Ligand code: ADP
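Next comes just one chain, in structure tokens: the form predicted on its own.
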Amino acid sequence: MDFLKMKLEKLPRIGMKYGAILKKLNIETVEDFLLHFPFRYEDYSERVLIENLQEGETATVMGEVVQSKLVRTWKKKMMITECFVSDETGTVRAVWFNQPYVSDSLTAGKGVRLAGKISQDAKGMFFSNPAWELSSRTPTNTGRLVPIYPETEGLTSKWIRWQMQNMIKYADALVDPIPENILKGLHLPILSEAVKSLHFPKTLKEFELAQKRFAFQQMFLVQLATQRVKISWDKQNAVSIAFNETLTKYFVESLPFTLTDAQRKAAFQILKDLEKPLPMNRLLNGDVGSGKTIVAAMASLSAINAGFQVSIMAPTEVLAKQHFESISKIFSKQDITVGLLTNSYHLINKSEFRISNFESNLNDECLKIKTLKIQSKFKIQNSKLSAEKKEDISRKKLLSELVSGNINIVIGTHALIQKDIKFKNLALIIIDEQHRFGVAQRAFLQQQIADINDGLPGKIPHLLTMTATPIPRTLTLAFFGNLDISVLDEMPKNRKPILTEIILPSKRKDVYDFVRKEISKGHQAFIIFPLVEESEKLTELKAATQEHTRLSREIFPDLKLGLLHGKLKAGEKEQVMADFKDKKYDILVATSVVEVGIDIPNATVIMIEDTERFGLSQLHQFRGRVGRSDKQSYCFLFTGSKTVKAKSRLSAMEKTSSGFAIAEEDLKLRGPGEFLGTRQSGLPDIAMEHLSNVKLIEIAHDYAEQTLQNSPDLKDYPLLQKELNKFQQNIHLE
């Protein structure tokens, strides 16, 4: 029988009781238990003589129990175990609270190891609640690097360590999925040795090497997963959409603003991708306000001019409707019909006045350009005729318009890739991630997109993904190996930098006065709070609902304040946002739900409370809610924290408005697990800790590439194939 597959609840030392608790941590078999790794270590490796103990240090002593007694305190009715241990240099006291069984175990004459932090009181040096074990036992809880594990109620690290001591010998039966030649080439230990070293490392170097091995393994699997998606994607066919330089030039010249060089470069990369018969798979990575929408519009125009349809997907109904409004406005003077399809909306937007062709069929290129200029002039003269005509139609009618090809662009949520939706000839899909979609859905979406009923047999649509979260280079390397990337790292010329300032409590009234002054100019403001209502754990934070009431009554009684939070229904959120945009509110009090997608050009001030509770990247996303016009905008960061660390961290927001610079700083300060959100990435802690190791990621990328060149389907590496399947199933890194 394979002992590794044995259910833990069947083992006598564990049984049903602990088996049920372990199940909460997704640990069901011996193998699962062996692969449940510590997240940190207490260094009790150095034995110290009792006479050399110093207050505040962490140490291990070894000696003999001289006396052990149990004392009950009269006031608190608490049981205190007091034990005196001597070595050849002196005696030290150890104290445990409410652990009477310790007194029964540590009787006079027994040899013992104590490990923990040294405290001092009127009676002298003492250990408070130290780890202990009899000195006759193999060091497990003292006298070594002691592993500390992720725990749950009813399960301590000490219990896990005792069990692990008994089970660690079965690590030899673990089969290594990583090919031997790769491990040898990198001088990394085999799986069984690495597992032993992570649980019970003899030295710090041994632990670091084992950790590096698992970091490589997990990153190697990530790279295999993303590169296989890319290989599969590249085998598909797509329609080739010719790059119409004249049309693109005309469209850009007709815009009421000048494109940035970054926008021009990104648009050119995308338009050249669309020319290929292979499906594009590109990520447009741009900062808040960098102009991703207009780049997406240029790609859409190219596809529509070639006679094809475009679909734009957003993560929420609110953002889908916002895209519908902005895309309709961009194309209001073109012969383009825009549809909106969500659970709440079935809209169509047409221009009542149209010029049906951008190009004449004449062969003379000069005459074409001349014709375009005349058309452009004619459009301006007749702009009043170009009023948008929105129609609210049934879902069935909208689907009929889609399949007939009457709708050129359809915008919606991921409801757009449901089975009953059919297109006439869908050639381009644009997914607006807006910081909401992590690494988890990408290949899943690609698979759905490959299967979509696009009306083009044997072809799949080109795919453009957009994100408003600037992604540092290491994360790009780690997670986006299957994508080509275009970066918008330049802001439009008419945008003024948002003036950002850290505000201490003493300056609060000054900011309130400043907000009132801005509103008197006809502008609007945001006030952001991290919570919806008070919680027991975070009672010091101001809840948005309570503060909305306070601000309305005490600070701004003469102004109109709206309230937006995550507990509102989608329709209610939509209404609050619409009312704020229509200037029915002067100030919007909101929780972090406002981080994404509200476009209010008239808002010039954002106040963010309890900023130490947010990451820098999230603060930057909040800041991006203002500064969306040519008006000077302001961001005030409120903090009650007086620590140097908090002020130093927030000062990055004062120094730069570059989302990419802030993202790099955030990655350094909080680590990739916090930056990405571990739930979003799904990666184990060991891989997350090593995401800043660019060299390791590059090595994993190269080995994955070589491995797939040798065996694209991994048939030559069955163990690796099995591990990859398990990895993708557990991690959901699609």
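Start at 1 with the first residue shown and count on from there. Values in this document were obtained by computation on a predicted structure and should not be read as measured data.
Beyond what is shown, the protein has a form predicted in complex with this ligand; the following relates to that form.
Considering this ligand in the model of the complex, find the one stretch among 396-404, 214-222, 409-417, 252-260 with heavy atoms no farther than 4.5 Å from it.
It is 252-260 that comes within 4.5 Å of the partner.
To verify the annotation, which of these, 158, 516, 495, 613, has a non-hydrogen atom within 4.5 Å of this ligand in the model of the complex?
When this ligand is considered in the model of the complex, the option within 4.5 Å is 495.
Would you kindly say which of 290, 81, 302, 486 lies with a heavy atom within 4.5 Å of this ligand in the model of the complex?
Contact with this ligand in the model of the complex is made by 290 alone.
Quick one: is residue 196 in contact with this ligand in the model of the complex, heavy atoms, 4.5 Å cut-off?
It does not: once this ligand is placed as it appears in the model of the complex, residue 196 has no heavy atom within 4.5 Å of it.
Spell out, yes or no, whether the shortest heavy atom distance between residue 628 and this ligand in the model of the complex is within 4.5 Å.
Flag for residue 628 set to yes.
Residue-level question: is residue 599 within 4.5 Å of this ligand in the model of the complex, judged on heavy atoms?
Residue-level check for residue 599: yes, a contact with this ligand.
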